[in-house]
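Coming up is one lone chain in structure tokens, specifically the form predicted on its own.
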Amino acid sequence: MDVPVKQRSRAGLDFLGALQGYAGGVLQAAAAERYAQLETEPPAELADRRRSVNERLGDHGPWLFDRLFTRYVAEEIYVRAIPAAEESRAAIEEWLDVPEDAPGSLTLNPAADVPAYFHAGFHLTTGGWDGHDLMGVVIHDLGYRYVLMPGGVGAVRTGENLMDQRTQVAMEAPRRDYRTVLEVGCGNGRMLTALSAVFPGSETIGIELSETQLRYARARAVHEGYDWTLLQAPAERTGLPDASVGLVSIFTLFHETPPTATKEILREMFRVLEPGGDLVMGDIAPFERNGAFRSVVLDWETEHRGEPFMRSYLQLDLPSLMEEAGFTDVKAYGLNRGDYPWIVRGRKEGNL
């Protein structure tokens, strides 16, 4: 949605984007260079890497200010974006109010079994993913558009395009003729848009727990001409029939889930895939694929930017978990600089 943001609110959000861009593009680069000068033999283990960076850069101004600004921006996004959305509430509500008989569907389930990790407060979002009734717009059209797209954050570096990365992940699927494509953790539909572009002839299903994100995704689909089937359900228990999906796509979900949930989700994806179907994931590369400094930057988010499962994710062996779930022909590899997005894909054996 093109939110009519008032000048003062837009200026505040633009400031946050510029500040995040300076932190990630200038200060963090200077800190990385300084660390490389001081630590000629970086340790291999994640805990040792944290200790090394803290010792080497404990009094380094660019590193300290980079971390300060990154935390400040993470909190301030919602301080500024929620009031900006309220200023345009009438226009937003009109955009969200789409005809019930429009192509596609949205099925909400207020009684859905919500796992505990969903309440962890991803990204320091005020009140959580459903902490405000306009949170879909707050996150996508204000936070992402004005702050995170220009500024970068976490694994997304300053100046990188989040939508281009989603399209890249979709393109890594081995085929183009899937009858049905499923995304779990679909949020407000950014990845579904990429999937619809890459697989225009496929039925597209999105699974998500957040009502605000699903309502946004439904409005996006109607306004942009997609006929998505949107369902409110946990990824561990989708409610879909056995062997009913040709392709499963998962984008940046597993660094938001504890390992026990990740295993359950992979088993569920194997169940719903038809024989010969594929699973393609895009997320952050494990710590051993990142240098010592970079892995500490990512790990830092565990305690400081609302990513409580980042540390466990960085040490997770996703290919092995996929094989345990029954997938074969499992491959893992990175795209672009810093192996991001990190692709893990596999197949459910059998004939279509």
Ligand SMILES: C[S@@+](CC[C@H](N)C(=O)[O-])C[C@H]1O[C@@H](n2cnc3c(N)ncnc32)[C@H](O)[C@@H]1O
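Bear in mind the structure is a predicted one, so any value in this text is a computation, not a measurement. Residue positions are given as counts along the sequence shown, with the first one as 1.
Although it is not shown, the form predicted together with this ligand is what the next lines describe.
Of the candidate stretches 169-177, 72-80, 92-100, 246-254, only 246-254 has residues with heavy atoms within 4.5 Å of this ligand in the predicted complex.
In the predicted complex, none of the heavy atoms of Val280 sits within 4.5 Å of a heavy atom of this ligand. Although the partner is absent here, Glu268 sits far enough away that none of its heavy atoms falls within 4.5 Å of this ligand in the predicted complex. The closest non-hydrogen atom of Gly151 lies beyond 4.5 Å of this ligand in the predicted complex. Residue contact with this ligand in the predicted complex: Trp129 places a heavy atom within 4.5 Å of it. Out of the listed residues Cys186, Ala221, Val181, Val137, Cys186 is the one that sits within 4.5 Å of this ligand in the predicted complex by at least one heavy atom.
Contact with this ligand in the predicted complex, judged by any heavy atom within 4.5 Å, is made by just one of Val198, Ile205, Ala84, Leu209: Leu209. Taken together, the three residues Pro43, Ala285 and Gly334 all stay farther than 4.5 Å from this ligand in the predicted complex, as judged by their closest heavy atom. Of all the residues from 226-253, those having a non-hydrogen atom no more than 4.5 Å from this ligand in the predicted complex are Ala233, Pro234, Ala235, Glu236, Phe251, Thr252, Leu253.
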